[in-house]
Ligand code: TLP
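Given next, in structure tokens, is a single chain: the form predicted alone.
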């Protein structure tokens, strides 16, 4: 039996259309700039995000790292949230490989950074301090419930950055989910930022890859850094072809994942022993906590759910994240609720 895998939207498999496109993809040597499928993907991504150019990279982590290193030099400081993916989950690459100093400030529950906290974090011109160079945001914000950051908020931070001569980078791994949740275009969300990355291999179902978008000059710098990091690929069009299908076919249907996340949350909310985060889901992620009446912890409950064919993400001692995606249909939602009900009834 194929399990119902709600651990993340990174577990998505390529669609049949993607597999066909990959098999038939026209390819060339991308290090020479001659892969037509990569070039098409990069141009398409830039257009959708309202930027001058795009760059295909193997992963979102490399995308954020290459972007930050393109903007910063050794000893520079960046301001980012204490729950930011770049700070928590990217192996300290900006410091280890770039000598860039992270200055963390608290993420608010909705994933934003308080503008006054940002202002307070900006360094003055003093030889004792690393120079503040860049602000990073994350949209949607993973650790803050999959919260989408609004156009208005992002614009306000863009204006703050410009006021202080700073650069604004967006970890837009799930920016298309944010756009679907807010009912706006991805380009509107990206307009205030100088650069951004987005992932093709999360809810968009492609097997590999992310795209960096920004100005021509920025992409030229990021391209050199991609090479330094070992990200120069050859006939990468086989992978880019899946990304093209993702942008054309999967992006327009993301609202379906959000609706199924709402249906899942509604079903789980009716179960004794389940405490949903306020407002969940804000996009395709459902966050929940076990109530006091449940004797098992989250890992034990996850193990019992696995025996029933349901895989969930454990994010704390009594806390879960469940992520809806392309391969989670209405039946899977119903089966997940039923599995939770059976497991929790036995533990209460």
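Since we're looking at a predicted model, the values are computed, not measured. Numbering follows the first chain given and starts at 1.
Same protein, other form: the form predicted in complex with the ligand, not shown, and the subject of what follows.
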The ligand in the model of the complex has a heavy atom of only one listed residue within 4.5 Å, and of 178, 240, 173, 246 that residue is 173
40, 289, 61, 280: which sits within 4.5 Å of the ligand in the model of the complex by any heavy atom? 61
So in the model of the complex, does any heavy atom of residue 10 sit within 4.5 Å of the ligand? yes
Going by a heavy atom distance of 4.5 Å, is residue 89 a contact of the ligand in the model of the complex? yes
Residue 85 versus the ligand, in the model of the complex: is there a non-hydrogen atom within 4.5 Å? yes
Wondering, does residue 142 line up within 4.5 Å of the ligand in the model of the complex on heavy atoms? yes
Each of 4, 257 and 260 within 4.5 Å of the ligand in the model of the complex, by any heavy atom, yes or no? no
Heavy atoms, 4.5 Å, the ligand in the model of the complex: which of 31 to 39, 61 to 69, 45 to 53, 290 to 298 makes the cut? Say which one. 61 to 69
